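Structure 1 and structure 2 below are the same protein chain in two forms, each given by itself as structure tokens.
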Structure 1
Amino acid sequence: MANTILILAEQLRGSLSDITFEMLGEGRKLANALGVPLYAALLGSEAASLAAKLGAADKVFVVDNASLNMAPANTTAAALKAVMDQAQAGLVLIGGTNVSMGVGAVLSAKANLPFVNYCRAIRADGGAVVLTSQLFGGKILTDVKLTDGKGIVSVYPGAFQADAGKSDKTPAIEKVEVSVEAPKVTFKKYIEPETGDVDITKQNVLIAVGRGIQDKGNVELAEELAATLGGAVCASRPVIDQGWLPLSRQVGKSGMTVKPRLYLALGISGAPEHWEGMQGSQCIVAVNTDPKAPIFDGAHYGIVGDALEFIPLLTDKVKARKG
């Protein structure tokens, strides 16, 4: 029974990440369409205790080995290759997260299979598998067809519903003995998130500034608008990297996940790594000079224009309205 589908179950600090369930849900649909089993791989010394939560899979392959805790990509990929062989997997799904990044590329080199990154949609086409990936910061989509259904795929977090991958069923569990070479890279410690002056995850209103804000001085315009609306200012990565706002204000893949009632994105293009952190906001309004900016593909309201000109105007109007 070759060409099964295998998912790398991702965990951080003893719990399974959302991406695990997102991939299980989508993997289940694909496995059903192709008529093949869906398997999951769990690696590390906490694997055995987490396996029961992966009921959406037909079977969970467990490699219980402490060398795989916080292991670097090549160590993880070597163990995953052993599971892949054991499971006779043709298609392997891995999270496109900071935790798992690098594993897919190494595995693809080891297994001599294509590596398709940035995937947001997967479908069966006869026995083939068609993958849709997002390139160029979300401006372009590409379809790749794996005619024999074989490949290593890195899946964008948030592309699929996590709920679809949760199940009360008890999966079959198979222990795999793998000899793991001690990794050269050693994990030393966690560095906890910086606690800033404001907790952006607890705000009802967030005024988000991106590279389009152009200058540190302009952040003040956003601060004034935030104060007027009773919220706080947060930012995309380039603003944080420039040192215009502290790390505690970063929204996105590496930063915070926020779900305010209003997310007003000013001069933010809407790259997938930013989108990951704010897509759950109730009302997203985007202001951008580029009518083709990807942020407009997902925002609720859009305004094409210069944010620097728009912010003070809006601040005045809100003040006037509030009287």
Structure 2
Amino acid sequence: MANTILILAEQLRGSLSDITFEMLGEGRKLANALGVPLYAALLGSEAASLAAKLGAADKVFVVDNASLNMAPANTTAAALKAVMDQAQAGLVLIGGTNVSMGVGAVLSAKANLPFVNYCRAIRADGGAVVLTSQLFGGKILTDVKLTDGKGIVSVYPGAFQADAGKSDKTPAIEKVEVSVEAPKVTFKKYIEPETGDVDITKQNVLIAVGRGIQDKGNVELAEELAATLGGAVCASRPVIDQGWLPLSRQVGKSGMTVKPRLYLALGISGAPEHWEGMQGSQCIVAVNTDPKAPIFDGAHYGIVGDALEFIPLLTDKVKARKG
């Protein structure tokens, strides 16, 4: 069984990422089940000020070194291995994001421990740890058992609730000196991407349209419904590829990951690539003419019908209720 569990707290531009709190929440449950401490590691010159926000951890190890700011995978993994040794950690959780990409595989080699990628679920089984990993974009789910509870795990973003990892407690903080070799690749600057007219990741209500919307003119129907419900319109990739909505409105593996309270999927088949980006929604309502559409397998409510007939009916009903 792992002596301790260690989480790599991910930060970007001075703020902790949601994946950090997702891992803290799930790590806390696992640590309690195994009866071991939960630690977090913060790397970089801007790390110290963020340590107090990691109250779900029993202790936070801080490596204050500018060479670790947006460092390449090899450099980050080397520093994390040093912290891992000091914390006597046998199980390490790392975010499966663009920021931390590659760190898990390198750390696995350095620590001589198995590496489990795309983890969506974690549970204790005695002293062992069972991880559910997704393959081929979520088409296959497989359970991996770490019999001694030791390994390196890359956690799929959005797999867990971020709020579960937030705490008002103040963790113990320990500064660690780590020898860091000058990285061969250095970070120069962050280029802010063009912002869209709406940030769909912040919306409580999303009206998502797919091929079933048929043509660009019908997007206006979805816009009216979204305005009536106080939400925004988003889309699956085919709609974006047609140029009917900007890229900032795309949901899915190659787009945005969203977790609204209501996700109304209109004319969307529910391909795994799209499902990846919206499966964390609290309530999913799907409308599709095909009763065998994959979207119905995960939707909380389903309507077999034409989205173009459904949209104006619902818009009128909502307006009448408000009126």
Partner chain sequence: MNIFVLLKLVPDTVEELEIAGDGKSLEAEVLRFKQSDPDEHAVEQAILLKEKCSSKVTVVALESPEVDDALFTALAKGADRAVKLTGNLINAQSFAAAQMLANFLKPEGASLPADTLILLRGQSIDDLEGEIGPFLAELLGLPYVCVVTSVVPEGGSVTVMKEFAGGLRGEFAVPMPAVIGIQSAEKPPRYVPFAKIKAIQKTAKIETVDVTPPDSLTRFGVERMYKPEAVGRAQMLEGASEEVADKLVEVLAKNSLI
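These numbers were taken from a predicted model, which means no experiment stands behind them. Numbers given to residues start at 1 and step along the sequence of structure 1. C-alpha atoms forming the largest set that superposes within 1.5 Å between two forms make up the rigid core.
S.K.: Of structures 1 and 2, select the one representing the form predicted in complex with its partner chain.
M.R.: Number 1 is right.
S.K.: After superposing the rigid core, is the C-alpha displacement of residue 115 2 Å or more between structures 1 and 2?
M.R.: The answer is no; the displacement is under 2 Å.
S.K.: Rigid core fitted, then: does residue 44 show a CA shift of 2 angstroms or greater between structures 1 and 2?
M.R.: After core superposition, the C-alpha of residue 44 moves less than 2 Å between structures 1 and 2.
S.K.: Is there a C-alpha shift of 2 Å or more at residue 92 between structures 1 and 2 once the rigid core is superposed?
M.R.: For residue 92, whose C-alpha is compared between structures 1 and 2 after core superposition, the shift is less than 2 Å.
S.K.: Once the core is aligned, what is the C-alpha displacement of residue 278 between structures 1 and 2? Give it in Å to one decimal.
M.R.: In the core superposition between structures 1 and 2, the C-alpha of residue 278 moves 3.9 Å.
S.K.: Once the rigid core is superposed, tell me how far the Cα of residue 250 moves between structures 1 and 2, in Å to one decimal.
M.R.: Core-aligned C-alpha shift comes out at 4.5 Å.
S.K.: Superpose the two forms on the rigid core and tell me the Cα shift of residue 312 between structures 1 and 2 in angstrom.
M.R.: Taking the core as reference, the C-alpha of residue 312 is shifted 15.6 Å.
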